[in-house]
Ligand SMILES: Cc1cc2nc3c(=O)[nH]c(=O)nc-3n(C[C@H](O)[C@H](O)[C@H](O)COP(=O)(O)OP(=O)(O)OC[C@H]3O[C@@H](n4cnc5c(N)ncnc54)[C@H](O)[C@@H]3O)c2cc1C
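So this first bit is one chain, no partners, the form predicted on its own, shown in structure tokens.
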């Protein structure tokens, strides 16, 4: 049995874990990341790749805007491609209530520094003439972008390793002890890790680790469905995204159209298995054809999903533990984690190295679950199928 000592141990090799490892190593801290599968193999590597600013929870905008500035220079910084393309994002309103929502959001996000342009139907169709009759209005955010999510975690991992971080894959943490200001992590392989700080970045599997230190987080798993069509002639550059998330799509450089949309589907988190129900593919294609009628003639060639962690208020757990010095939580980003990922990694490094961060993260404290939090099932129903919500743990 070998023992490895580090300043920081990280459980979870998704974007959060790999980005935190990189920014900590850049600050001169020794880091060990323990990933029971492969880097970026779960939600971080199978998502839509959308770096969306508009439509976010407003108190998350400082984190999101910081992240977007990082994304804009990330490929040069890491020396690696993540296929970053800044082609903008169109939020389309499919009814009057959604039209009011985008107008309100455009006003509300301005104090945070995000400028969003509101377009009536005539201007929307002038810019994107393929859109169907059901589109009433749109908001346009030119700073939004996309990446290839499969490339992001490996790029951060390689950069972290180059700075001296250790990333160990296919290793299971079997026990964690905390004594005399240090964490001891035992694994199912010939390795024990001792560290002064611990980051819980275990995604959909993070709740047991938090519970080990007396903190509850009612995480539940689900799968966001992605599909891709055969290549079609170029017709759209930005992401097109219905306000309620029921359908979103973008076109790749090869011409394929990547399609996604709520509700999210049931997954087997314990067995780490996920599949796309055929009926869900039919639902998404019908919605795509309603917004972009010409896509009715084209075929889906592949569909997939991953396992994401969600909390009932659809916000992450991010920040220091309320019970254990040296423990930090960063999990359950509820489908919004890719865009803010680099900033989350930098914030975690600041919390550990500097003892605080200039980016406001108080709304995401795990302490908000000290008392039971009732989920608004009606609000969540359009985001998840009922069988996902039926299996959700009580808050």
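Remember, it's a predicted structure, so these values are computed and weren't measured experimentally. Positions refer to the first chain, counted from 1.
Keep in mind that the form predicted together with this ligand is missing from the display, and what follows is about it.
TODO: Quick one: from 224, 221, 238, 320, grab the residue that has a heavy atom within 4.5 Å of this ligand in the predicted complex.
DONE: The option sitting close enough to the partner is 224.
Open item on the list: By the heavy atom within 4.5 Å rule, which residue out of 53, 34, 67, 361 makes contact with this ligand in the predicted complex?
Closed with: Contact with this ligand in the predicted complex is made by 34 alone.
TODO: Indicate whether this ligand has at least one heavy atom within 4.5 Å of a heavy atom of residue 62 in the predicted complex.
DONE: The answer is no: residue 62 has no heavy atom within 4.5 Å of this ligand.
Open item on the list: I'd like to know whether residue 306 contacts this ligand in the predicted complex, with contact meaning heavy atoms within 4.5 angstroms.
Closed with: Yes.
Task: this ligand contact at residue 11 in the predicted complex, heavy atom, 4.5 Å - done: Yes, residue 11 sits close enough to this ligand in the predicted complex that at least one of its heavy atoms falls within 4.5 Å.
- [ ] Could you confirm whether residue 128 comes within 4.5 Å of this ligand in the predicted complex, counting heavy atoms only?
- [x] No, residue 128 stays farther than 4.5 Å from this ligand in the predicted complex.
Open item on the list: So if I measure heavy atom distances to this ligand in the predicted complex, which of the stretches 170 to 178, 294 to 302, 108 to 116, 131 to 139 falls within 4.5 Å?
Closed with: Correct option: 170 to 178.
- [ ] Determine the residues of 265 to 302 with a heavy atom within 4.5 Å of this ligand in the predicted complex and present them in sequence order; the list may be empty.
- [x] Nothing in this stretch is in contact.
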